[in-house]
Every structure is written in structure tokens, then in C-alpha cells.
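Alright, here's a single protein chain in two forms, structure 1 and structure 2, each given by itself as C-alpha cells.
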Structure 1
């Protein structure tokens, strides 16, 4: 399968003719992504009968545009009110929300939009040009390699624990314990379910997410008149368009950061089942590890906001690669695209790009055009969206709890999930009040079950031989990279201390 570069120009112009589908879908995706619990997959499922009767190109363009824009929309509440719209935006509030509280929500949104669109646009172009190479990534990433990738994300707990080692580790291990609830991967034996059938599939992710972040945040902010600090309120009163341009300038200043973190998202997106949550955590961890100022992360540092946003949008193009090349969807949205394409009798594999290039390459081109339109349509909205932070908490907190509990109900339509959201809200509130980081808990809840699944799968294939974790050449390279990532902050910290001590002596 070779990329036909001569096809891209006419295909781009052809895709532009679908602007009447793309532009309205962008705004729909923003709304869908900004509501916790809703996602592109939920919306496409609801509209599936409509997409089936559309022309196949129109239907695929609609789904691709909704997928991209909802990914960006999930970062809006994460920044403004500390509520990730989806698990892929779970790392965004770590630095986005402190910026909003300081009255810099407009700059933060502008940075997020630029990082998302540039990251998504760049990885889409890379995917178009290097399709044959990327198609091979899924073949090399097996259980052993995925274990190390998970550990990259989980090692972010260690970074969080650096501020308070004991509390950080307790929060992380508590999250891992919650993630172990459900039926055993091998024997399907219930663990920690307390007899609740609703927990047999494990703790549902969306209720845990909205509880730890949204409901607990609502309990916290109701104690104050505003989510903004005093200085933040003064800053918001005097905001102008200059703040948006300032955010854009900061994002472009970190252009290299956008490039390499979005490529992390692309590679992880190619791996079926990995997803945006892993990509955002890994990108944030790597960004902090190799930063010259790691102590600024978590305080409203631009790089800490840019990294997860560019990575989770880099995933979007990656998930289409295994779908189109080998017919294996990389995520829930890609799985629905698979259904639509099969309904229209479209074959997958290298022949798709030769016989129906307008479909094979056209889906990536639709993604590129969507990101192009998003730059023009969404950036001007950052000034008005940031005004949400000015709403008094007496009105904001009940709205947050209402919307998020509905969002907890939507994925599985169980009342039980709303109770779980409230329970996690209480857990998150207690954690915040006692100095434990809710992000560390969430990392354990998200990545713990995935790590266990791949670990047991690797042991089953090797008949219980633990040394199978070091049996892969690629896996061993990743192990070395993980060790370097964990040791680098220690080395750099020691180096900074020596430099500071030498400066004091002089």
C-alpha cells in the first residue's frame, strides 16, 4: 500500500465541498464533548439510522467531524470548572483549571484550541503520508509492550507523589484497588462487588470520573462565592481580545511541545484498545519529566495544558489506521464507523486505498479539513466561554451536579451509576480536603484494570513465566525508556540542587 500524493490535492478540494456537513457538526461536537458522560460514540449511536441512509461519504465525514470536535469539546469544562468531558481529558484540568481560577481561562482555552487543532492536523498529515509504516505498529505492540506503555501512564502517580510522597502513593494505590473491583479476568470470579451485579464489569469509568472531579469540585466551590481567586476576578473583569491572542502566542511558542506530544498520541492511537486517556497521561508524564521547570506543573503551567490536549487529539487519526488497514477499530467511535462501512459493503485492507481511495484517504482528509475549520470557528469563542467562571457558585454548583449525574447515567442507563457518581464525589471531596490528589486516584481507576488484563494475558501465553516481560526486543527498549523517564527527574533535581548550592557559595 503506497501513498498516492497526487491524489491529496483534488481530494482536499473535494472534501472542502462537504463544509455544509462539517461546520454544523463541529458545534454539535463541542456541545456533546463538553457534557460529561456524553461522547461522539453515544451521539453517533443515537444518529446511527440517519448515518446509514446517508451517502457513505457524507456519513463518514459527519462521524469524523463529530469525533474530532467532541474530543476538543471535552477540554472546555475540564479547564473552566475542573470537569473532564471524557476520560481522554482527565489530565487537562491539572494545569488548565489553575489557570482558569487565576482569571486566565481565556488564554487557557485559546492554548487548548490551538494545541488540539495543530496536534490533530499534524498527526492527520503524518498518518496520510506514512500509512504503511503506522499500519505495522499495531502488529508489534503485544501484551508485554502494552504493559510498559501502561506503566508510563501510571508512573505519573510518582510525579504527583513528589509533592507529598506518602499521600500521593496512598491515593494511587487506592485507585488501583478500586480498579480491581469486578470479575477476575481469568476465572470471572467477582472481586469486591459486594453482591452488586452492576459492578461485575468493573467500576464504570464515567461515574468515577465525574464523581472524583465534578461532584467533588461542586462540593468544594459551594463553600466559596466564586471559583475565581480575588486576583482572578479582577483579571476577568478587564479581559479583552488581547487575552485570546496571548494564549495563541503562548501555544505557538510551544510548537515543538505540540509536535512531539501529538506524535505520542498518534502512536498510542494506532494500538487498538489503548485510547486517549492513556495518551494524555503518558504525554503529561513525559512533558513533566523532561521539563526544565517540573515544579510548575499543576500550578497552571502552559506546557502542562498543551501536552495532554495535543496528545488526545493526536489519537483521533491513529484510531483510524487499524480500522482501515486491518478492519480492527481502535476505539468505540471507530467501531461504529466499522458498522456503517460494512453496511455499505466497503472492504478493508490495502485494496481499500487502491479501489476506493476517496474513502480510505478521504476519512483522513475529512479529519484534516475539520481541524482546519475548527481553527476558524472555535478560537473566537474562547473569550465568551471563559465567562462561565464569573457565574456565582450558588448557581454553578447545582448545575454541575445535575449535568454530571445525568452524564453518569447516560453510558449504561443505570440509576446505580448515579449513586456511584455521588459516592465518588464524597470520596473526592474528602481527598481534596485532606490533601490527597484525585488525579492519582483516577489514574489507578483507569489504567489499573488495563494493566492487569495485559499482565495476565502475557503470563497466560508464557505459561506463568514472569521473565516473558523481558522477552521482547521492543519491550526491552521500552523498559529502558521507562527507567530513564523515572530516573531523569531525580538526576535533574540533584543537578539543580548542586547548581543552587554552588551559586550560594559564590
Structure 2
């Protein structure tokens, strides 16, 4: 399965001819990505009958364009009102929101858009030319390796809440425990469900996301008349197109940062089940670890915004690799693509790239073309969308609550899920007010069921031998990497303190 470079030029032009599908889909994707509960996967499911009757190429281009643009759209509310549109954008507000509060929302959006489009475009090209190699990653990831990857995610919780690691860990493990609610995977025994049948399938992710981020934030922001600081308000009043160009320039200045954090996203995206939420936090943590100014992270630092946005768009390309090469979807949206492709009788694997290159390579080409068109949306979107931050909180808070809570209802159509959203809102409110990170709780809720699945699988294979966790070479390498990633920030912090102390003495 070698990449046919002669094919790419004509294929790119051929994919450009689908602009009439891609352009409107980009706007649809930006909207559904920006509203919690309306992920690309949900929208594709809603529009599945339409997708199935479309010509297969058109249907796939539509899905790919929606997937890419919704990923970028999810960053918009994360930056402007501290509410990520999807879990994949949960790391975006860490530095994006402080920028918006300081009246730099327009710059932040421009930076986020450049990071998303360039990161997505770059990883699409890398995925296209290195697909055979990348596909190998999926083959080597078994349950033991996946456990370490999950623990990687959990270990990030400690570093996210760097001011108080203990509180960060409590929040993360509390999330893991909440994520363990539901029936067990082997005997379907109900656990921790409080007797609610609606919790037998586990805690639904969208109401958890909506509650922890949106509802809690709405109850917090009403303390002030505006989400902007006094300086931020003045800055927003005098803002002009120059702020957008400045944001773009800052993003381009961080081009190397975009490159390596988006590649982190690509590699994590290739691993089925790992997903954008882990990738964005891994990228954020790595970016901070190797930064010369780690103390600026969390205060509105451009690199802290660029890292997660590049990474979660890198995941988008990565999830397509195992889908096309071995028929294993890397995420929910890829799983729906698999269903549509199977419906049209398309086989996966190496033969797909030889017999139907317009489908195999075409999906990546559709991605590249989508990112190309998305670049054109940067200027007007960042200029006008940032105005949201000027809306008074007396209007903004009820709007956030109503539209996000009803979004919690959409995926399963259970009224109960709106109550879950409110319950998580109260948990999130208490957590925010008392210094626990809501993103840490959310990561726990996401990883809880996954960790249990892989944990059980590993133990079953080894007949209950816990040492199986250290039985694989790749797993052991990952353990070492995990330890290094935990210890490196401590080491670098100590070195900086020593250097600062030495500088003070002299």
C-alpha cells in the first residue's frame, strides 16, 4: 500500500469540485461544534438518511467536512465563554478564556483558527504519505498499552491543577468513580446507579460536559455584569481588524509549536478510543513542560491555546487511519463513516487504496480541501464572533443554561439527562468555587469506563495476574515515558528555582 503521489494532484482538483458541499458544511460544522450536545457524530446520525442516499463520494466529503469544521467550532465557545463545544476542546479554555476576558477574544479566535487549520492540514498531509507506518501503531496497542495511555491522561490531571496537585488528583479520581457508574461489561451488574435505569448505560458524556462547563459557568458569571475585565472591556471597544491579523501573526510565529503538537494529536488519534480530549491535554502538558515560560500558562498564553487546538485537529486525521487501513474506527464520527461505507459496499484495507483510490485517499483529500476553505473563514469569524464577550451576563447566563441544557436532552432523548446536566452543574459550581478543576473531573468521567474495559481485558487474558501490566515491551516503554512526563516538570521546576535563587544571590 504505497502512496501514489501522481494521484494526489488530480485528486485534489477533483475534490475541489465538491466545494458546493464543503463550504455550506463548514458553516454547519462550526455551528454544531460550537453548541454542546451537537457534535459532528450526532449531526451525522440525524442526517444519516440523507447521507445514505447521497452518492458515496459526496456523502463522505460531507461527513469529513462536518467532522473537521465541528472540531474547530468547538473551540469558539471554549475561548469566548469558557464552555467547550465538545470534550475535545476541554483544554482550550485554559488559556483561551483568560485571553477573551482580557479583551483579546478576537486574537484568540484567530490564533485558534490558524492552529486548527494548519494543524489539521499538516497532519492530513502527513497521514496521507505515512499511512502504512501510522497504521502499524494501531496493531501494537493492546489492553496493557491502552491502560498506560489512559493513566497518561489521568496523570495530566495532576499537572493541570499544578497549584494543588492533591486537589487535581481528587477531582480526576472522583471523575473516574463517577465514570464507573453503570452496569459492568461482563455480567451487566448495576453499580452506583442510585436505582435509576437511565444510568445503567453509564453517565452520559454530553450532560456531564454541559453541566460541568456550561451550567456551572453560567452561575459563576452572573457575579459580574460582563465576563470581560475592565481592561478587557476597554480593549474590546477599541478593537479593529488589526487584532485579527495580530492573532494570525502570533500563530504563525508559533509555527513549530503547531507542527509538533498537531503531530501528537495525529499519533494519539491513530489509537482507537484515545480521542481528542486526551490528545489536547497531552499536547498542553507537553507544551508547558518544554516551555521557557511555563508560569504564563493558564493566564492567556498563546502557546497554551495553540497546543490543544492543533492537537485536537491532528486527531481528526489520525482517526481516519485505522478506519481506512484496518476497518477499526478511531472515534464516534469515524464509526458512523464506517457504517455509511459498509452500506455502500466499500471494503477496507490495502485493496481500498488500489481499487477505489478516490475513496481511500479521497477522504484525506476532502479533509485537506476543507481545511483550505476553512482558512478563508478565519477573518470574518474571529472579527465578529468575539463580540459575544460584550453581551451582558444578565442576558448571557440564561441563554447558556437553556440552550445547553436542552442540548443535554438531544443525544438520548431522556428528560433525565437534563437533570444530570443540572446535577453536574451544581458539582461544577462547587468545584470551581473551591479550587477543583472541572476539566479534571470531566477527563475522569471520560476515561472511567475505558480504563475499566482495558483493565478487565488485561486481567482476563492473564488470568488475574496484575504483573501483566508490565509484561509488554511497548507497555514498559510507555510506563517509562509516563514516569518521565510526571517527573520532568518537577525536575525542570526545581532547576528553575535553583537558577532563580542563584541569580538573586549574584
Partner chain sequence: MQQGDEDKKRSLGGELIIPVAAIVFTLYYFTTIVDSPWTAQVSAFFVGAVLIALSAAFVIRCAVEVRSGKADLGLGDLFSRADITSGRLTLLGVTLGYILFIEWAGFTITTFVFLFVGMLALNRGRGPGLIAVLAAVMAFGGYLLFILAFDTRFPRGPFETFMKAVLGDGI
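All of these numbers come straight from a predicted model, not from anything done at the bench. Positions refer to the first chain, counted from 1. Throughout, rigid core stands for the largest set of C-alpha atoms superposing within 1.5 Å between the two forms.
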Structure holding the form predicted in complex with the partner chain is number 2
Rigid core fitted, is the C-alpha displacement of residue 359 between the two structures 2 Å or more? no
Relative to the superposed rigid core, does residue 385 relocate between the two structures - that is, does its Cα move 2 Å or more? no
Any chance the CA of residue 102 moves 2 angstroms or more between the two structures, core superposed? no
